[in-house]
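As a starting point, one isolated chain is supplied in structure tokens, in the form predicted on its own.
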């Protein structure tokens, strides 16, 4: 789309601002200069181009994440985007999506989340640490001989989280190819990559296939429990009491979808940040405890998610602007995490940074329930790579990013091991 010059009304004299399309290839490749300018122009800005409010200030995004007037329910907008010819496949798929925690507001969200709370606690996922490090080293031994060139995204950042999350859910290795294919197609639907009618049909049917597969896995674990998430939740007694069996399986489809890709992007983005900055990489190698800090700084500076989408549940006022019921709201955490009002030198990557609450995993009721597992996997992979591959370096200086409104995802990360 062609940039358009617009004027945003507000309580102060309006400043002229040239709006750009967020999926413009140049903005997608490096969004931060534009997002910083947008935040400086107006931290709450109506975009005619996107037909949505763009909320970019840290304080304002935090407010929205706590405000019951800002709703996470966006199943209806997703359904409205489905082409008419694919609607016959949509009803069951969107019933499944309506059971996802991320698309529910309190108190429904709280009821659904409590079913998984104990299994996602840091102490519960810590037992996967040794397995993750062993799996990382085994995968690198097969794919990343010292001196060889390769692609970190394909060699480790994508397959390793998929392996860990499948193990955690209890998906047998033999079923993994179909399982992750369905997940990728669900991502096309939820993240807006599906555009053609045939793509929507494939995504909708994949979500149904994923639910059917997980329903069968739940039935198997009822009969024969194992050491996995499904068995642990069933043993806790909340399924059938706190939530129905259908709700439980619906939430499992969210768990299956949410973990792998986001964690893979976090791993790749962290390694890119370190390999671009030799002084920061050296600090992490000299002080291994800084690996976790490097992951947190990546979540702030260049995390795997650029924004989340909300809807105004009722008329509300934010930063002097009136948001009407039904208005779409883009909570641009990628801009909020670089807000100079919150973070000194916000565009600097600093593994010794202290203070400030980044929003890389959200905040409040919708803080990412899988944050502890994602952190564990990312820290394990980054730690092994920076310790075991002292000559690791980037191959080339240009990197390309998948075109996405919501995600920040490298297409490849070429390196020499």
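Positions refer to the first chain, counted from 1. No experiment lies behind these values; they were computed from the predicted model shown.
A second form of this protein, the form predicted in complex with a small molecule, is not displayed here; the remarks below concern that form.
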Original post:
residue 165 near the small molecule in the predicted complex, any heavy atom under 4.5 Å?
Top reply: yes
Original post:
Using 4.5 Å between non-hydrogen atoms, is residue 74 touching the small molecule in the predicted complex?
Top reply: yes
Original post:
Going by a heavy atom distance of 4.5 Å, is residue 361 a contact of the small molecule in the predicted complex?
Top reply: yes
Original post:
Would residue 373 show up as a contact with the small molecule in the predicted complex if we use heavy atoms at 4.5 Å?
Top reply: yes
Original post:
Using a 4.5 Å cut on heavy atoms, which of 35, 384, 70, 369 is close to the small molecule in the predicted complex?
Top reply: 369
**OP:** Could you tell me which one of 206, 153, 254, 311 places a heavy atom within 4.5 Å of the small molecule in the predicted complex?
**Re:** 254
**OP:** Check, residue by residue, if 109, 258 and 266 all come within 4.5 Å of the small molecule in the predicted complex, counting heavy atoms only.
**Re:** yes
Original post:
Where, among 112-120, 173-181, 191-199, 216-224, do residues come within 4.5 Å of the small molecule in the predicted complex by heavy atom distance?
Top reply: 112-120
